[in-house]
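Two forms, one protein chain; structure tokens for each follow separately as structure 1 and structure 2.
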Structure 1
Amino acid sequence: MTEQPFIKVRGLTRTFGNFTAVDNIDLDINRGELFVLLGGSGCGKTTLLRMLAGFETPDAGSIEIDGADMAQTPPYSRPVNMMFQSYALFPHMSVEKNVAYGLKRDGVDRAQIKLRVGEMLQMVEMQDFAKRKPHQLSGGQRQRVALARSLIKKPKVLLLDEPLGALDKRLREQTQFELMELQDKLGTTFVVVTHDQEEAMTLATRIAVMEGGRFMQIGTPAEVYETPATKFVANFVGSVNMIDGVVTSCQPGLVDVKTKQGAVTLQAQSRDEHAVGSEVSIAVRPEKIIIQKTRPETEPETPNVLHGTVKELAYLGRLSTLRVETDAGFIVEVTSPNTTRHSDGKHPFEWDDEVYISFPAASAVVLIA
């Protein structure tokens, strides 16, 4: 027996005037997943989330949650809760009352409410702040209260709109792991909206990259990063070198591409067939490129060796980012880990150093669009 998807979205569309925010989307999310919708502003991710919550009415299409059609269900009857980007804590209620609100509306008796609110505040480590008003809390504390409030009704699905967006970097990293732990403990299906690709990579079991109201790619963080489906995905998730060229030969699994600039032949692995003469781009992540001062011994697996000079250098501590201008003319970005300590302040590579950069064909991806 195959398990039915927990959230099943079919043909979902929402337009605002002439603008199509969500364009005929199909989506399956499994029970207990931490699913992340990733995209820039205006890509439709928030509109999709708001349709799942019931705040926006779809123009077309259907949403099913746990086998029940949600078309006619108003937000207050959906088995779904949302954590808002602004947290939306009720300013005139204490922390305790904010968290209790959902249970109160469900008519849970007082003793039970007190018990569950206590437990929930314990879980997010806010038990000492129960009597405070939201404006007396720090950003991180508000985030915890908002999380507690949205989880108190034990929703089937928790929707999180930029859950960590308002926190500073250090707190955000810490909270990411707490959020994952919590999700693991509760087993609730989480749908997270974010524009931060690092956050998406950390949190997600699967990521959907959105652009212009459509999905560009849906997959695990590793799939999205290592085998991006389009140029947009490759660029949006992490940084990438994109080298344009024309296919000169296509053997099974290996594609030779002659670059537009400099006419160098590069080789990349590809599962797809590419017609000779078709225009493609070769995408290589900067950290997959090896940089050396001497020419590497050319082995059959590493035909992609280029000579160039270091044009720019950014020392970032644990690694350095170098921009190398190849003899062919195009610029390649390389990150190199700083594995040894140089207390004299010198870098292993300096400006205008002559270097060789190389990458195995397996590290490169061929992208058409």
Structure 2
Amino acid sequence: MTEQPFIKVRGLTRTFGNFTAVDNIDLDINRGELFVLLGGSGCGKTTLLRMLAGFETPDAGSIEIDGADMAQTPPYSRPVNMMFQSYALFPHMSVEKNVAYGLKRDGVDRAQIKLRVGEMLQMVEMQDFAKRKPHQLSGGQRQRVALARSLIKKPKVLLLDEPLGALDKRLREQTQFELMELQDKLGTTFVVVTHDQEEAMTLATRIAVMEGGRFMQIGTPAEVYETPATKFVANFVGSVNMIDGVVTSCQPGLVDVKTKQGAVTLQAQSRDEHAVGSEVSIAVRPEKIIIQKTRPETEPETPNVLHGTVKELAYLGRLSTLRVETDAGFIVEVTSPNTTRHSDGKHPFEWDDEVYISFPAASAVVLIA
């Protein structure tokens, strides 16, 4: 991935009647990046993808790809290809004919087509299925054929609309890594649309979280998850505990917040400036919370301790999810790895156990309420 923007979007807007699907957005995507547009239904991510492809015409704004203005460029002349969620394979054609279709339409020499198709099928590990029809393939195999057909013409940008949505969970997880390896091998710029947070976190070099036609945050998966910019992002990407409060003290590096659960001390992010008396929300991820049966000794690194009772417990194999009701009646979700168990096989915590939960000052994020 290079640092020079390869796709430049400026002031892009698209409306449908009174509904604004994409609302005056700016975006830079780097060459060779695997960029993910993440959001719920109706947030504008697919409309944005279709404008990049040329299937939707913006009401305002501009799109540049590799330095060229796409305003007057029809879809078939853009250096992009789009892979649809349905895969859209021709049912009457074999795998190799499906993959060769674009090259044949362009009048490429038959010998060259055969060579290119063979190379592409080998790359997606479908060379042994070249003569089969789409209905003779599994969902994962059809996905690979669609990917090969999309890449055979060597587009500068590949647009993927929910590419793994039709696969079951296990196959989807396996295919995510295959897609990443293929993208890395080819160096093609991928722009992926998905509503699946885990999929976005796995695939992306960077993520743009969308809501209401706008970007709520753009950053690496770690940035979006660890330091969400808004309450929406914190709630949308992964699980989070949100505690409301009022700032009582703000000094370099630390913020003190008064909540209904008691006083909480947090490590301020470098970009945070919170005035005393301002209302804020504290976002803390379930896995950042420490749970134990005895009260921990309060240390500068872990000043936030709450007492409560285990109300719900779900065993999920590698970890357990517990819902703890604090003395103030607030429900806190905690995830605990199942690394230790009692000799009788029971979980270390049970329903109605009295417990102490705590989290380090650096493990929470202060957000504007």
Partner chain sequence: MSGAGPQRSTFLLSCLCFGFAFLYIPILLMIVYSFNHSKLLPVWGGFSFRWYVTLFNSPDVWAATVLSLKIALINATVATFFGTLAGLALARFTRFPGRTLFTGMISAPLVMPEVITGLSLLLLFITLQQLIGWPGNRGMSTITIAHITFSMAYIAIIIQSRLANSDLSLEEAALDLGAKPFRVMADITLPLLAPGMMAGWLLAFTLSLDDLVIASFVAGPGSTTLPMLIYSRIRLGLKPDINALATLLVLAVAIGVLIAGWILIRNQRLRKP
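Keep in mind that this is a model prediction, so the values were computed, not measured. If you superpose the two forms and keep the largest set of C-alpha atoms that fall within 1.5 Å, you have the rigid core. Residue numbering: structure 1 sequence, from 1.
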item	value
Between structure 1 and structure 2, the form predicted alone	2
Cα displacement of M242 between structure 1 and structure 2 reaching 2 Å, rigid core superposed	no
Threshold 2 Å Cα movement between structure 1 and structure 2 for H92, core superposed	yes
Residue shift check between structure 1 and structure 2, rigid core fit, K260 Cα at least 2 Å	yes
